[in-house]
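Given as C-alpha cells, the chain that follows is alone and in the form predicted alone.
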C-alpha cells in the first residue's frame, strides 16, 4: 500500500524507499536555491558575556543537509537558534518578533518563571501572533545548562531550538579551560505533519529492521531453536515487534550536532591536558541518543541544569529535552570522536575534539540494536535476568501465553491472577525512613481499549538500569540511580498526596495518553498552591517516554535520600515505575507531557493547574 503525503511537503512511500538509494528526493527540493549547510550563526558559540536584553526574530528559510533540502524555522537567521548566555539574578527582557505568516512561541525549557512567561500557547499565554511580537519578562533564579524551543506547530522539529547557558551568581564549582555546547537533534526534509500522518496510517512506516528468518538462526544458536521459536511466536501472538525501538528512524532522519551532519564534522579545538566542559542538550523531536567519546572517560557534573556529585562514566543515554554537562580531559594531542548513536542503531551524530580544525578520529561501529523483552512489556524480571539490551531474549517463556495485559491476544488470560500487584505500591527507590504514605490519587489500572494496548502487570524500578541496549556492553554507563545532588532540596516536607499516572498508548493506532485518555478527553490535574506532592509514573507501554512538567523541579526519588537530584525531564523506561516530588510553589496553568513530539501531539499531554 502506498501512502501519499500532501503535495509539496513530504515523500510518498515509494519516493521514501527509493530515496534510500539516493534516487528520490522530497518535493521540498523545489524550494529556493540551496544555501550553505552551516548556520549563519555558530549555534554552538557561547557568547563572551551574559546579556539580559535580547531581540529574537523568528523567520523561515530552506535548510540543506547533504543533498536534501527542508524547511527551517530560524531565530536571527540561524537554525538551530543561537546560544543565549544569561546570568543568575538578572531580570530578563526578551522581545520575540514573528515574521512568519503563522503563530509561534518560545518555551524556556526548565526555567522557573511565572506561568504567563512559560510560552505554551493555549495553556499559559496566547502565543506570538503572525507578523506580531511578544516580550517575555522574568527574573533568572537558577544557573546551568538549559534550552529554548518553540511550542507551536511542531516548529521545534524544524530547527526552532537553541541552547541556554546561565552563569551562577556565585563562584563556579568547577574549573575548565574550554566550554562548548553540543546540541543534538534529528532532522528530516519531510514535514513533521507528514511524518505523523504516516505513523497514524502505519505504525512501523519507518521501521525497516524487523527480525527475519536469517536472524532466527543466530538466535537459535545462542539460546536453542525451541526458545528462539517460542520467542518469535510470543511476539506474534501479541501482534507486536520486539524490534520496535524508535518510531522514526535513521532511514529518514539525519542526526546532527549543532546543526551539522556527521560528514560536516563539528569540531571543538583543545590543547592537550585542558579540561573541557561539554554541555550536551538533546533537542531532537523523537530520538534517544547514547553519547560517548571512545577511549575517554568523563565526569558528569550536572543533570538538567542542576549540579550533581561528579560521576565518572564512559557513556550515557540522553532523551529528548534532557541536558547533561560533562568534563573531559584528553591528554593526547589527537582527534577524539564524539559519538552519539540513536537508540535503535539506525544512525549517529558525530563530532570531534581535536588540537586543530580539519582533524578526524575513527568512527566506531554502532552497537547491536536492542530487542524488547517481557520486562519492557511490564512483566518484570520474569525470565531470570535475560531481558535486557541487545542480548535480551525470552528463553523460558514458553508457558507465558496468558498475559492479560495485552489486547488482541486470544487465549492470553492465564496471568490475570497477577493483578494483585497493585500499581499503588510504592517504588523501590522510596527511602525507608519516609513518613506514612500520603493520600493516594489513583484512578486504578487503565482500561484496555482503543487508546491503550497494554496494562503492565508487574512494573518495576529500573532506575539502576542504563536502558535497553546499554547493559553488558563493556563500558561504564550512567544510570539515574547514580545521580546525587550536592545539597538537599529546600523543601523537606513529606508529600501530602501521591498522584499516580499511567503512561498509555496503542502503537498500532498510534494513539498516546495518560490513563488511557488523550488530552482532548482528559481533565486538568489540580494541585494546591505550595502543596508538596509525589508523582508516580507507571509506564504501561513498551516505549521510553521523557516526561516534562513545566514550571517546577522534579526531585527524582532514586534512592539518594535527601540528596534527590533535581530534573525537569524524567525518562520513564518501558514497563517501569518511578516517582518524584514536586513543590507547587508557583500558581498558574502548566503543561505536563511526553517530550517525544508525536506522542505529545497525539495525546500524551495534560494541564496542571496550581491554585
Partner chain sequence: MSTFHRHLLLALITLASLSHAEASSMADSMAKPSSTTPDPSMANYIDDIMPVMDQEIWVHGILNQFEGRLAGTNSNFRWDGEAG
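Please read these numbers as outputs of a predicted model, since none were measured by experiment. Positions refer to the first chain, counted from 1.
One more form of this protein should be noted, the form predicted in complex with the partner chain, which is absent from this view; the next part is about it.
Asker: Heavy atom to heavy atom, is residue 176 within 4.5 Å of the partner chain in the predicted bound form?
Answerer: Outside the cut-off, so no.
Asker: Find out whether any non-hydrogen atom of residue 508 is located within 4.5 angstroms of the partner chain in the predicted bound form, and reply yes or no.
Answerer: Result yes; residue 508 sits at the interface with the partner chain in the predicted bound form.
Asker: Is residue 450 a contact residue for the partner chain in the predicted bound form, using a 4.5 Å heavy atom cut-off?
Answerer: Although the partner chain is absent here, residue 450 would touch it in the predicted bound form, with heavy atoms inside 4.5 Å.
Asker: So, residue 301 and the partner chain: in the predicted bound form, are they within 4.5 Å at any heavy atom pair?
Answerer: Flag for residue 301 set to no.
Asker: Tell me the stretch among 365 to 373, 528 to 536, 270 to 278, 153 to 161 that has any heavy atom within 4.5 angstroms of the partner chain in the predicted bound form.
Answerer: The contacting stretch here is 153 to 161.
Asker: Is it true that 85, 170 and 486, all three, sit within 4.5 Å of the partner chain in the predicted bound form, judged by heavy atoms?
Answerer: Judged in the predicted bound form, none of 85, 170 and 486 sits within 4.5 Å of the partner chain.
Asker: May I ask you to choose, among 124, 306, 504, 287, the residue with a heavy atom within 4.5 Å of the partner chain in the predicted bound form?
Answerer: Residue within 4.5 Å of the partner: 124.
Asker: Between the options 523, 492, 331, 101, which residue brings a heavy atom to within 4.5 Å of the partner chain in the predicted bound form?
Answerer: It is 523.
Asker: For the stretch 105 to 119, which residues lie within 4.5 Å of the partner chain in the predicted bound form by non-hydrogen atom distance?
Answerer: Residues within 4.5 Å: none in this stretch.
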